[in-house]
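Just one chain follows, in the form predicted on its own, and it is written as structure tokens.
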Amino acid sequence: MSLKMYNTATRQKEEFKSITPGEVKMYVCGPTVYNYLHIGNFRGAIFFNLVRNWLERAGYKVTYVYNYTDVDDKIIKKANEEGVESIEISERYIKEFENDFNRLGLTKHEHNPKVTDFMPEIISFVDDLVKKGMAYVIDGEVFYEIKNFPNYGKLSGKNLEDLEAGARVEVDSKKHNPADFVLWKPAKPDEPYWDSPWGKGRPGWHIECSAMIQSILGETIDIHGGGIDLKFPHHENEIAQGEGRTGKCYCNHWMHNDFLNMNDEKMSKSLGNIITGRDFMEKYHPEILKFLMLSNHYRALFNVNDEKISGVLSGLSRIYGALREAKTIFGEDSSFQAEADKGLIDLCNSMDLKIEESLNDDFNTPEVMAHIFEVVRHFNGLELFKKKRNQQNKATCHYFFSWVVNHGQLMALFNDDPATFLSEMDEILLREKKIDVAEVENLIAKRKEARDQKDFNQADAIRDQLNQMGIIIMDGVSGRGWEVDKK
């Protein structure tokens, strides 16, 4: 089955065909580095990591470019507030983002260009547009003249006349047309600047991505991704710049991930409901953030709340619980003198095909999760933990474990040590449910004493008391012998 992905530009699913057979040139708009990124910013990083991994598994050589905007009004404002140079702010938050990125276990990009490293290319790009009559200069400021690009609005579907009317609200009298946008702006006092044919200044936001794309990947790329908020004006302006310069198609496939809301409201500073990826991972876990994003289709708006997070934690714990059980059974063995359970093998082969179909159908990750859970349910139904640890049962557990881990690698999921992960989930739930660990350990000790004295009625009563507290006894499992109920 061929890969089909939704193309924002054509508003339909299309079969993916790369420009160069066997190779994919892919660009995703990265962060403006002036603060920690909120969890919505990580949706694209997590999703497009899957896109890249799936393309590579399909045999493509992927060149993935993910940029850093390291010169911007917000960066300058923060630098002025702290009394430092802009570069100190941008370098600080590039480092912080990369720490978060690495903690998520995402695949490293081939290129992470910074705007400030591409000033000669940006200036040359703007100069080409001026020489081609696609841009004009007024008092050291360079504007793109959208009337000279007849296809303006083709990505977003916006009408030029409506744009002109809307732009008049913030009309700049220097512009030929209210909807023209800036390519180069003169430097203000106490701002970073670069020398250019139009005087000291710095680039507009939109030109930066176009220049980095064409410098690194060439005139036409296969895939351009980003958040839905970038569709207009940022990506629309990128097209105008790129095609205005070369006369060639700028990008063949446009992909946009949707927003997410917090507690049924859009994340915003005014509402005070923004949570950074860093804070989320500290409070919960990187796996929870990734699973949360990928259990929803990338083009769907979804809501994050306590109930949703609880469901994610429960789902992840079911998968990791099965992985822990499997790993406990096969131990250090990796080769066996018996075949794995035929029913499990047949089901996994069937799910392999379904997962492939789901990913090839515009990356339908909710379906992928459903297929993985079907295998987990089947494995749990075998109840191998209660049976002899013979060669077939060990082989079955190893087969299951490897199958889940292999599919998890595509999504950067299910690759943590199961026992460690589940222990970390316990710590989260103990905190969230305000369970007193000392009280639990005291009851566990009393239960052991009752069992040693063969007072099984008392032992059972203590077990019931623990269950009511949300604690599950795990007799026969190494470790502390209990965990928090994750349902």
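Just count from 1 along the sequence shown to find any residue number. These numbers come from a predicted model, not from an experiment.
The protein also exists as the form predicted in complex with a small molecule; that form is not presented, and the subsequent description refers to it.
- The contact residue chosen from 230, 369, 134, 119 relative to the small molecule in the model of the complex is 230, the criterion being a non-hydrogen atom within 4.5 angstroms.
- With the partner removed from view, the residue among 69, 53, 63, 41 that has a non-hydrogen atom within 4.5 Å of the small molecule in the model of the complex turns out to be 41.
- Here the chain stands alone, but in the model of the complex its contact with the small molecule, taken as any heavy atom within 4.5 Å, falls in 222 to 230 among 247 to 255, 323 to 331, 284 to 292, 222 to 230.
- Under a 4.5 angstroms non-hydrogen atom cutoff, the small molecule in the model of the complex has residue 259 among its neighbouring residues.
- Although the partner is absent here, residue 267 lies within 4.5 Å of the small molecule in the model of the complex, judged by heavy atoms.
- Remark: residue 77 does not count among the residues lining the small molecule in the model of the complex, judged by a heavy atom distance of 4.5 Å or less.
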